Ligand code: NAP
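Listed next as structure tokens is one chain, alone, in the form predicted alone.
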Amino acid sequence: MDLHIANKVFIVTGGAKGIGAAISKAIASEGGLVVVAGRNKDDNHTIVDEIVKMHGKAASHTVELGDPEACKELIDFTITKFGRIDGLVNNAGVNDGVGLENGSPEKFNQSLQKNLSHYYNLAHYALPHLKKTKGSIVNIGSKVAVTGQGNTSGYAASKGAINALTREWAVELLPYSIRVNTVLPAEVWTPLYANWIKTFDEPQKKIDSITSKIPFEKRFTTPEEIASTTVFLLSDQSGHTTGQILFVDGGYTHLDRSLT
């Protein structure tokens, strides 16, 4: 299937590692031009080099997304570099463990700034350019938005808001033929996830405990599976899909618990 994204321009926040890196590579593999945005300059350069070795096209911009002005600078950089924006992938965030009991109002607000505000800021500044291309926005969410997790109020609130904003923006942007959707992962095997697993006394036992609760094939979702759905939603092959929250999770969130 030709996704028709060749030579189109896409911003991927947190695009140098884990799910974001898989999305960046998937866009490039389809001929799209990627702007990788993140706070670590070395990581950004590494993924761009990998994409170039794939014969893809990419650029990177080192940015602290919690700063609204930096978000505007990212959009300006993309227009200066490539002249257009066809899609925005809001992916950057961190499950920072700011809970109700162990947190504070200050830490909660900081968590919202890290995990939510830049989704709005980037969409706001990208909007004039997305109107020109009838582009699309794909937000990356989390199962925590609908299941809860415990001790992560800031992250959960952010991801719940992202689900709501997806539908709000889908409605507001109907007149411009701009589609907005969210891809919602659950248990995805990334380097960050692997590092978390290593903190347990018996890592394999923890892995087995988690995968036993994933109905489809009792395995983790791969970053590439998240990326494939994301790129499809960016493309005009999903041209009548908007306001949707797609769970790419092996049935983890919704299927009957008797299966596990």
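What you are looking at is a predicted structure, and each value in this text was computed from that prediction instead of being measured. Take the two forms, superpose them, and find the largest set of C-alpha atoms that agree within 1.5 Å; that set is the rigid core. One rule holds for the numbers: they count along the sequence shown, beginning at 1.
We do not show the form predicted in complex with this ligand, though everything after this point is about it.
Partner contacts here mean any heavy atom within 4.5 Å of this ligand in the predicted complex, and among 49 to 57, 205 to 213, 227 to 235, 65 to 73 they occur only in 65 to 73.
Contact annotation for the candidate site: 4, 135 and 243 all lie away from this ligand in the predicted complex (no heavy atom within 4.5 Å). Note on contacts: among 156, 98, 130, 92, the single residue with a heavy atom within 4.5 Å of this ligand in the predicted complex is 92.
Not displayed here, this ligand is kept clear of residue 121 by more than 4.5 Å at the level of heavy atoms in the predicted complex. With a 4.5 Å cutoff on heavy atoms, residue 39 counts as touching this ligand in the predicted complex. Proximity of residue 186 to this ligand in the predicted complex falls within the 4.5 Å heavy atom cutoff. This ligand in the predicted complex is approached by residue 193, whose closest heavy atom lies within 4.5 angstroms of it. Of all the residues from 129 to 156, those having a non-hydrogen atom no more than 4.5 Å from this ligand in the predicted complex are 140, 141, 142, 155. Residue displacement note: residue 54 has its CA displaced by under 2 Å between this form and the one not shown (rigid core superposed). For residue 212, a C-alpha deviation below 2 angstroms is recorded between this form and the one not shown after rigid-core alignment.
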